[in-house]
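Next come structure tokens for two forms of one protein chain, structure 1 first, structure 2 second.
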Structure 1
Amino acid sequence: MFAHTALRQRCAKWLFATGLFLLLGACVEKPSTLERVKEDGVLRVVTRNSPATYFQDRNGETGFEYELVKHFADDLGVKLEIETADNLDELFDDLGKPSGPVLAAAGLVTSERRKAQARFSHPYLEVTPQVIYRNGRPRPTDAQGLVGKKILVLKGSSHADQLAELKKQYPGLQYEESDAVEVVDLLRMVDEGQIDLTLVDSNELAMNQVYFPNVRVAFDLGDTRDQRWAVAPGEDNSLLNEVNAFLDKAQKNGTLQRLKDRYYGHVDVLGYVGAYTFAQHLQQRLPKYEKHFKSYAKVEQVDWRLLAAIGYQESMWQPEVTSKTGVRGLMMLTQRTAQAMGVSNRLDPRQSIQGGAKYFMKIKAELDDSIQEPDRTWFALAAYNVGTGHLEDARTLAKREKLNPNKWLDVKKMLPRLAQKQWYRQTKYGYARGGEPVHFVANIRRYYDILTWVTQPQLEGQVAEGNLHVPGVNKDKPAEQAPPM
């Protein structure tokens, strides 16, 4: 009995001491990366400055990676702090620094070399590396065709790794790497014929095609690859686990799809000919009307580039066009709309822009309060084209299908039904060419994105104030014929 009690006492002491020890241990233990981020209230992310990742426009920071990582920071309830690296080697160096950023979000793909420099998240975007050449020049169709060509790629890029690998097989292959350029520069150099070929990822080409009408895909170099975020190699798993859970959720709840749609989804809208034409019109037509877009944008409190995008979709910035249905002018006002907006001459570009801007903001203000931005803007655009009544019908159909009537992604699925009897006979306003507003909105979003990028403050700084800068389109060059499809 005695021995038993003594044992119990000893055990209790031991347990107490161990407990204390563990408790003390916990007190001095380093907080996990995730705890540190939350305590600091800041998520520090390194990226690169490019249209496919992160850039500044007049409304502030934007870009595919930026928006995705901002969602993540918001979920964590912390502030987002973005740092940019000049090249990929620097990006991985920064990530490795003890006091550096904890996450890299820069369209990265894994490679054996990179796996030693960082740990990678679940994938969020599939891309294909593509060999790019200039239209009209000899087109290589396989790796052998790269030999003897002047090739430039980004320093430290996965494309440079691919070329290093190919060089083992084709010793004659020559290429250069540069850390003084970005993807846009590489494409411009191909476009202008300064280099024969470059390698970029499919998403980057998709975003930039519009500025570089002469660049073409020669062939896909290898399989599709996954883009992933990266955390510093020395960190524990806490942040990586949180990142993975976030990316999985973004995949499931449609956040990722929305971003892909916004940045890469409507690239096919323009195609080669459209891209070329848009670049031309940006130089030759927009400057004549830019001041009107800007001044009525100010009056109506709307982004002038959105008005300009509507104007391009409606008339390709031509003030005298008339549609088959008698809708007229740069902003394509119906007679009724023109009258209601006080427009006496629809063919006067200033009046047309004034009336269009006023009408757009009027119908936007009249939309249901439950429709939030950015969807609110897309709904207002659809209403500009098809009328508020038909848009309401499409929202009603969405509700009946248990879709969200406040989300453009859902309502745009319903709009084409307004052209089918089985559906439109159930609606209040009946038949409408419901496919038209879907294309209308998709095109305008694409033009708006492009205008946003070409009128970025940092690019504007390179040219005279008020002028648009279109990389790859030389103002002094005579207009060439649009290339064949």
Structure 2
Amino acid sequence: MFAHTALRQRCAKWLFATGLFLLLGACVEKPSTLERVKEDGVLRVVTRNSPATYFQDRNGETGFEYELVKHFADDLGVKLEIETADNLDELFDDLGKPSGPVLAAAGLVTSERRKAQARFSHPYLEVTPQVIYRNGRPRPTDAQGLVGKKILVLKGSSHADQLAELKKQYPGLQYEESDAVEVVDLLRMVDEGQIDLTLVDSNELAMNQVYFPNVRVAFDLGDTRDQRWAVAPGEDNSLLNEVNAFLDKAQKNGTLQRLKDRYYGHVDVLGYVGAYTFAQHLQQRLPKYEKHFKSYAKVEQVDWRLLAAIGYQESMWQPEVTSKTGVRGLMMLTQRTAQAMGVSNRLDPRQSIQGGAKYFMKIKAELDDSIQEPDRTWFALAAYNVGTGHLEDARTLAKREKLNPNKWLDVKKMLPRLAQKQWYRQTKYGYARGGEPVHFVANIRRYYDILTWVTQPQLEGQVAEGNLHVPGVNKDKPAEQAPPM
């Protein structure tokens, strides 16, 4: 009897302990999404592979969305891990998987359909949906003009949703969706006349229009919309709250504006004629001098494509040109600069490139230590054009206006004032054609962007071999060889 009582007591204690353990276990909450990200030390993000979002060049990962989300990961103190989705439907499907990415940063616009699949952050970029047509063909001016046209858009995109709504009003409207293309493919197809129309957002058109000389905006379809990041649906707001706080901070401290300026602030500087001409010279002239750019870029530890962009801005890669002011050669060196850099013959392209590379890096090294990259490069380019003295005058004016003298976005606003007496009379070095370095830097940045695309590893060598498809220049080349510009 005593043994049975003891056994029952031990069983009761065991059951009590087990129940208490289970009860305590139930009270322990699962870690939030933000806690898991910090514990794992990795922020997994899904995006699209396109110029406006994320891509890889020879220097590694880049793109507007990548840069912004990298800042966010750095703020969290974790590593960034990027995944790319083949299409938007896949992107949202991946976001909803338990083991999938926790954040989508892909130039997304909200819609009623998408709100059921994800929760969206505060906005960070305004864009306008635009109807795109080919120059020389009839231009539609309103939604009615879309009827009877061959239209293709990205599958699952907000533009497809817009067309679906319009179809209710215009039953004759026909369009197709494809998950086998990206925005650059759509623009190329319009440029080459394969389709009549497409819809893209204004920022993506701005980045890519230079490559497609026949592309034009027919009209804006609807109001300006906001791009946002997305997280998985549910009640866990930890990551979303952190994202919103970061985006608000990035707006206030200028991070967003600097990225916008870097990626979109110089996109319209070439125009259609300039874009067409550059595309031709890319194939006809650059191969003759590419080895020299690469050789001296390595010596001076600078990106050869930046040197090539400077050379194109200065001479359009023509080694024997001479300006009215006496500067000569491919890199347009003055006699004084050439002598200082050890150049005996300014018309020798090899010597000119060597001297230009050396001079540019000398200017860059002499800039104030407080100027950091990427602004340091833009400042060096401006000084290459207008001189360090005038650049310092513009920085001084920026300080007086309570702007940041170490940010190109602020200083470039001051440079044109150097041509106005009310301003240059206040400076040390006086009058200068201050607008010229602003255009000089903008053009070089654009040329550099294009060179970055066409020198991606998968495209390397195609320019020199004449196999690279450049829209509007060599239409006989296969479309699939076109770089995703």
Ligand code: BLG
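The term rigid core refers to the maximal set of C-alpha atoms that superpose within 1.5 Å between the two forms. Structure 1's sequence is the ruler for residue numbers, which start at 1. Keep in mind it's a predicted model, so treat the numbers as computed, not measured.
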I want to make sure I have the labels right. Is the form predicted in complex with the ligand structure 1, or is it structure 2? 1
If you line up the core, does residue 340 shift 2 angstroms or more at its C-alpha between structures 1 and 2? no
Does residue 432 show a Cα shift reaching 2 Å between structures 1 and 2 after rigid-core superposition? yes
Do you see a C-alpha shift of 2 Å or more at residue 371 between structures 1 and 2, with the core held fixed? yes
Taking the rigid core as reference, the Cα of residue 396 travels between structures 1 and 2 a distance in Å of 4.2
Please state the CA displacement of residue 286 between structures 1 and 2 in angstrom, with both forms fitted on the core. 2.4
